[in-house]
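In the block that follows, a single chain appears as C-alpha cells, in the form predicted alone.
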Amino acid sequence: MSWAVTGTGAVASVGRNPGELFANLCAGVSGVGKLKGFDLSRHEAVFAYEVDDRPETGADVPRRATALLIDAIGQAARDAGLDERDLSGVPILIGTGLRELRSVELWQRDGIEFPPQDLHFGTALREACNADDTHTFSNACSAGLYALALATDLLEAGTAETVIVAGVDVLTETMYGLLERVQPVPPERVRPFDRNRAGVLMGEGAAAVVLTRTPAAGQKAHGVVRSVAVNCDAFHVTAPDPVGIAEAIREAQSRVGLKPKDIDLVMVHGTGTLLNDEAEAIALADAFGEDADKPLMTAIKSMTGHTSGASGLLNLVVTLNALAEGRVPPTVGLEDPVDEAAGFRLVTGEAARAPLAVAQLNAFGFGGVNAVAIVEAAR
C-alpha cells in the first residue's frame, strides 16, 4: 500500500517553513552559531543549531518544544486543507527524544514555573487545536519515523482516514553537556562522513506531515510513503550496529518490492559522530551491494544539526521537496570522505540536480532503535 502526504510543516534553524528550509539547504546555508540559550561559562562547547525565537540572548524560556510543535502541526494542517483550530478526531502521533526536558531544567534551577501537566504535548494541543487523540513516543533519534510507522499501520488497518505525524526537540543542557563530555574535542560544526569530523552538535526543530488513506478528489499530494521498517537490535546503549541497520534497510525496500537499484536518493542519518557514520556507511554498502554507488546521498544534519526526534521527519519534508524539484541539498563540510563511504555518490559543494522518483530515509537511535522509510514522488 501507499499513503499520500497531503500536508507538510517544518521549523528549524535554517527555515521556518518547508519552502524556506529547502531553499536554504540547497543554498548550503548552515544554522550553526554560538549558543544563545545557555550560560556559556558552564560549557566548553559553544556552538549549536538553534531556532532563533528566544526573547534575548542568554534568556531561555519554557515550552519552546511545544511552541515549535504547534507551529509545524499548524503549517501541515493548513497545507492539507484541515482546520488547524479543530483537529478533533484526527490522531496526532508525536516523536521526540526529550519532550519538555528543557522546561523542567529551567523550573528546577531557576524556579521558572512549569505545571507538570504541560510536560504532555497533548495538553497544549487540546487548547490550541481541540486535539483529542494525541500520543507521544520517545524513541531517541528515530522517534519521528517510528511515529510514521505507526501512522501507516493505523491507515492500513482502517482505524483512521487521516493521521498527523510530528517530531520535535529543542536543546537541553542535560543532553548538550553529556555530548560535550563524551566527545574528545568540542566540535564547531557537524561534518557527516568526513574523515576530520569531530562529533555531533544538537539542533532544534519540529516537523509534521499529514498522511491520508484516500485523498479527496482534487486534493494535492506532495508524495507518498510506501513503507516504514523498524527494528531494535539492542546491540549497545550508544554504539550502532551495522547489521541491525542493514536489516532495517532491506526490510523497508522488500516491503514494497524494491531493489537497491530502484532507489534514487538516500537521506542518510549522518550525525557526524565517530562511530555512527562508519556504521551507517558499512550498513549501506552491505544492503546496497554492487548498487551502492548509484543513489545520490546527502546529510542535512550538516546544516540543521542533530534535531533528535524531529530529524527523521525533517528529512521527510526535505525529501518531498527534493523529489518534486529534482534537486538535492549538499552535505556541507564534507571534504574528505571516510573510507567506508568513499564509493558513495555523496552530494557536496552545491545542490545536485537529477530526475528523482524514489527516496530512502534513515534514522537510527540509541539502543539500536532503527527506522527506514521509502518515499515516492507524487504521481
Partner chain sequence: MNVVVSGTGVVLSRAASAVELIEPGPADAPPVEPKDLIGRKGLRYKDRATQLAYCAARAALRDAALVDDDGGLTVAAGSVAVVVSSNYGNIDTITRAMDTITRETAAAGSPMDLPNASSNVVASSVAIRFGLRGPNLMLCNGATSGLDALRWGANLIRAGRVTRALVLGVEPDNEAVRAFVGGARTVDGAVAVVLESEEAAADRGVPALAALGGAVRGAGLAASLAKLDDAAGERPALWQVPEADALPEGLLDGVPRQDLGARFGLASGALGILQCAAAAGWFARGGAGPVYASAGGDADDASAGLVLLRPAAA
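Since this is a predicted model, take the numbers as computed values, not measurements. Positions refer to the first chain, counted from 1.
The form predicted in complex with its partner chain is left out here; the points below concern that form.
When you look in the model of the complex, the only residue of 134, 253, 162, 271 with a non-hydrogen atom within 4.5 Å of its partner chain is 134. Only one of 244, 215, 74, 187 comes within 4.5 Å of its partner chain in the model of the complex through a heavy atom, and that residue is 244. Of the candidate stretches 282-290, 206-214, 258-266, 114-122, only 114-122 contains residues with a heavy atom within 4.5 Å of its partner chain in the model of the complex. Although the partner is absent from the chain shown here, 174, 366 and 369 each have a heavy atom within 4.5 Å of its partner chain in the model of the complex. For residue 139, a non-hydrogen atom is located within 4.5 Å of its partner chain in the model of the complex, even though that partner is not displayed.
When its partner chain is considered in the model of the complex, residue 99 lines it closely, a heavy atom lying within 4.5 Å. Not displayed here, its partner chain is kept clear of residue 278 by more than 4.5 Å at the level of heavy atoms in the model of the complex. Although the partner is absent from this view, residue 166 stays clear of its partner chain in the model of the complex, with no non-hydrogen atom inside 4.5 angstroms. Applying a 4.5 Å heavy atom cutoff to its partner chain in the model of the complex picks out 173, 174, 175, 177, 178, 179, 180, 181, 182 from 163-197, in order along the sequence.
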